[in-house]
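This document opens with one chain alone, in structure tokens, the form predicted on its own.
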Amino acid sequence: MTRSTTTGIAFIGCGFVADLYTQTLSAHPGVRLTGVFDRDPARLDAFAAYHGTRAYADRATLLADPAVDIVVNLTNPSSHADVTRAALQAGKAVYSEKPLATTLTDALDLADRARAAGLGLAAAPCNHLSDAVQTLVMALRARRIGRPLLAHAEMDDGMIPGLRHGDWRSASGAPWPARDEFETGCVMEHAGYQIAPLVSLFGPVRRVTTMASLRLPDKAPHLALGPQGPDLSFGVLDFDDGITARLTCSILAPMNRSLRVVGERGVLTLSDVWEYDSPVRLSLTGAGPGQRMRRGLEKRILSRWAPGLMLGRRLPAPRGLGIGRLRGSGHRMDFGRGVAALARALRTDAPTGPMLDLAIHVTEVTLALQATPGQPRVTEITSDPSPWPQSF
């Protein structure tokens, strides 16, 4: 029997992010969109018509379709666990938007169900598979900056409440989900974009110390928001070998999504973890430990008056990751890469356990960072992910 060279996927949820997934699927010929479903009939029809794909009559019809190998769960965060659970019960592998679930209990229950049924389960974000993060990984393995000591990770999205987010629309016309974003909070929505790369660089997080805050509770009076998640979080992540990362997440501070790793002999800086071809720069602070730092006058001036400037030599990215195929899509993040990785693993009978382990770990660390506003907290992390397969 000849194994299929493509994997059928179907979307549940046709909101804002679904367009971003669809726009990057062309970079992955190994996946084929069989159709979509959304509980809002108007949204479903608009999305299906715009992208020229099938609109399933209901969720049960989608889950019963034998052409669907993977359900891509793009619903709002509060629905993630229920939709994923239903898909697993129907015998489908699942790739979920982040978070995998909004509680660790639900996330672990989903993991148990997937393992018991022998089904693949993975979750966004997948930017740890990006050209930029893999460049960082390779540079650390090559000891380009000696022994790594610490990292500064920024996930500041700008003053979102002050922008005209009510006017934001996706390609097929879906509004930006302001209610979900504000009620879920910036940590659950976006911290994973830094957590997953940090885990790829340093291994499992062992401890999280965090202080979260809700600085602007009246950010959208017209929406009559319910209880909101934090709009600001400061976290300290402890890894093995004495490595510590500081992670800042907000929708208040000026946009900064950089990741900087400091080692004994230099600094590696990734300018934007969202952009898959973001430059990674290497700046050496000397020829070795204990030797005088060698910097020119220009660098000394710039480092004092413009400390955020990305200095250093740009490192080449690994070949073959295919970011060029995304040009013209309007964004620099390949949302489909995680789906394609799961699909490839299913087609080749490769283990999917590491993908699930990472999803659980990112969820647990995210929930630790989500701490109740105004109450500092230290959390010991219990999950221990194995390395993600390198054959993505």
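Since we're looking at a predicted model, the values are computed, not measured. Residue numbers here begin at 1 and follow the sequence given.
What comes next is about the form predicted in complex with a small molecule, which is not displayed.
Of the listed positions (Pro175, Pro161, Pro204, Gly266), a single one reaches within 4.5 angstroms of the small molecule by any non-hydrogen atom in the predicted complex, namely Pro175.
Of the residues Asp131, Glu154, Glu189, Asp231, just one reaches the small molecule in the predicted complex with a heavy atom at 4.5 Å or closer; this is Glu189.
Against the small molecule in the predicted complex, the set Arg113, Asp357 and Thr382 makes no contact: no member has a heavy atom within 4.5 Å. Residues of just one listed stretch (218-226, 235-243, 205-213, 67-75) have heavy atoms within 4.5 Å of the small molecule in the predicted complex: 67-75. Proximity of Ala10 to the small molecule in the predicted complex falls outside the 4.5 Å heavy atom cutoff.
In the predicted complex, Lys92 stays away from the small molecule, with no heavy atom inside 4.5 Å. The small molecule is not drawn, but in the predicted complex it has no heavy atom within 4.5 Å of Glu364. In the predicted complex, at least one heavy atom of Val83 sits within 4.5 Å of a heavy atom of the small molecule.
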